[in-house]
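Single chain ahead, by itself, as structure tokens, in the form predicted alone.
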Amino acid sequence: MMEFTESTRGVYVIAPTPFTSEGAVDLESTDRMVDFFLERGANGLTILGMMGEAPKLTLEESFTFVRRVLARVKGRVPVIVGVSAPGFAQMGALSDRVMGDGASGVMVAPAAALRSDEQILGYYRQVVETIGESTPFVLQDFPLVTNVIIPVSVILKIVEELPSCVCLKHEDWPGLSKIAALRDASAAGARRISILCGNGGLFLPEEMLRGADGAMTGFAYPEMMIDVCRLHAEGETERARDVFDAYLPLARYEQQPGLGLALRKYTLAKRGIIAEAKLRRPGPNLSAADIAELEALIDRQTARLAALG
């Protein structure tokens, strides 16, 4: 098992779950997808996240998918597994199984009913009681989906009280000031944890400049995020922006609410990474106009990359 700690940096690609045309989990495409992400330089993988259609899988399908990914990764990079669930029994069962199989950590989003600061803190205390103090976990901060707003002060309390919280998946929007505030707090003596950002990488250059350590999100061209983070680490911030700018039209289009995963899977299938662009029901279908627009953007992307060299 690869270590996942407060010093984690780079790009942890949020991997989709491939399905066959009949709707079964596609394990052959899973192998090909893992190979692709690792060949492109991903520092780690995150599976069964919100964009992994985790709620649409049975527990047994989830276990099978996790084992397949871990077997293909072969310990080369850390694998983080989303274990968010309506109840702690399911969360605990999934966490115990995936950590036993070799996952490096788990990711937990707050329950939708949480409203007060004390409720949020109390929830994560119970999370640690459920998954165990030795299990590193990612605090997923995605209020646009969870409807739970976690202030900086509460994140700092969680970090102070729960040492197994080693990473914040920052997906607040707008949230650049939250990154800066957390880094200011670390500079003043608070425990520093890794901050990996989401939102399809749409704000990645600015997030890195504010103090983020990388990205934990998905995009049909993960090499963009990997190159941006690498160049930033090398001090080549303007070159990092050039790379980001070259991919921005596709990243913007893919971030459409509701359609994002369908667009991403279509592009991954077109690139030969997964066999089918299938989403498991319920899920949206792309229209002919959606596909035509996406195809045009992909063609323009090819031309931009050629010009970028």
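All residue numbers are counted from 1 along the displayed sequence. From a predicted model like this one, the values you see are computed outputs, not experimental measurements.
Unshown form predicted in complex with another copy of the chain; subsequent notes refer to it.
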Would you classify F203 as touching another copy of the chain in the model of the complex, given a 4.5 Å non-hydrogen atom cut-off? yes
Looking in the model of the complex, any heavy atom of A190 within 4.5 Å of another copy of the chain? no
Is there any non-hydrogen atom of D31 lying within 4.5 Å of another copy of the chain in the model of the complex? no
My question is simply whether F37 lines the interface with another copy of the chain in the model of the complex - judged by any non-hydrogen atom within 4.5 Å. no
Another copy of the chain in the model of the complex: contacted by all of A181, R271 and A307, heavy atom 4.5 Å: no
At 4.5 Å between heavy atoms, only one of the stretches 271-279, 66-74, 51-59, 38-46 reaches another copy of the chain in the model of the complex; which one is it? 51-59
Along 227-254, which positions have a non-hydrogen atom within 4.5 Å of another copy of the chain in the model of the complex? E238, R241, D242, F244, D245, L248, P249, R252, Y253
